[in-house]
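Single chain ahead, by itself, as structure tokens, in the form predicted on its own.
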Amino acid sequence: MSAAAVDKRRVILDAAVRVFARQGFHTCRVSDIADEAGVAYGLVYHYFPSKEAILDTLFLERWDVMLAAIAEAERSDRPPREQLRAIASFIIESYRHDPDLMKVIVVEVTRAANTFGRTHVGKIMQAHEAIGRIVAQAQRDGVFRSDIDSAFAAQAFYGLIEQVLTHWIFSGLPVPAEEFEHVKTEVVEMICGGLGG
């Protein structure tokens, strides 16, 4: 794919984020994305067979980056609390950097009991499983208490972060800079405190 084609594809994806975040995935049309991108309607179909394919692409691009960040935290020699803080920081900073994209991912995919949520459940679970491995290793090392299921702890950790993002999304209010740092600390303290680490 040429540089110009890559650029045009990116313009369409970025426009789709804005449209999906503003109108919702199900109420928008491909023509809305084309208008937002400033391209011909047919050009969208040149790069993507449907608006579902656009949403899939947006989700998989961001989720793969997050999985890489989680894997990096898991491979590190840092204490488990710091590994979990790195993951929380990545997710929260993703929202700070691109709230529209995170709104689309949370509302239209990870919290959606629809085709997209079901299609990507395996990919979503990869994140939970990696976080669960961090917790399980800390339990084996005697850092975290062993009487709490590591998979449940991972779901609670990710679910807590996602719930905070959902609150920010639906409040419609700007998030003060200090709130981002506060949430990173509170999430980790709440989960690690419950795990006894």
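Position 1 is the first residue in the sequence shown; the rest follow in order. This is a predicted model, so every value here is computed, not measured.
Missing here is the form predicted in complex with another copy of the chain; even so, the following discussion is about that form.
Asker: I need the one stretch from 62 to 70, 156 to 164, 30 to 38, 43 to 51 whose residues put non-hydrogen atoms within 4.5 angstroms of another copy of the chain in the predicted complex.
Answerer: That would be 156 to 164.
Asker: Taking 4.5 angstroms as the cut-off for heavy atoms, does H97 touch another copy of the chain in the predicted complex?
Answerer: So H97 does not count as contacting another copy of the chain.
Asker: With the partner left out here, check for me: in the predicted complex, does some heavy atom of E186 sit within 4.5 Å of another copy of the chain?
Answerer: Yes.
Asker: According to a 4.5 angstroms non-hydrogen atom cut-off, is A130 in contact with another copy of the chain in the predicted complex?
Answerer: A130 lies outside the contact set for another copy of the chain.
Asker: So, in the predicted complex, is K123 in contact with another copy of the chain at a 4.5 angstroms heavy atom limit?
Answerer: Although another copy of the chain is absent here, K123 would stay clear of it in the predicted complex, with no heavy atoms inside 4.5 Å.
Asker: Can you tell me which bits of 63 to 85 touch another copy of the chain in the predicted complex, meaning any heavy atom within 4.5 Å?
Answerer: Counting only heavy atoms within 4.5 Å of another copy of the chain in the predicted complex, the single contacting residue of 63 to 85 is R81.
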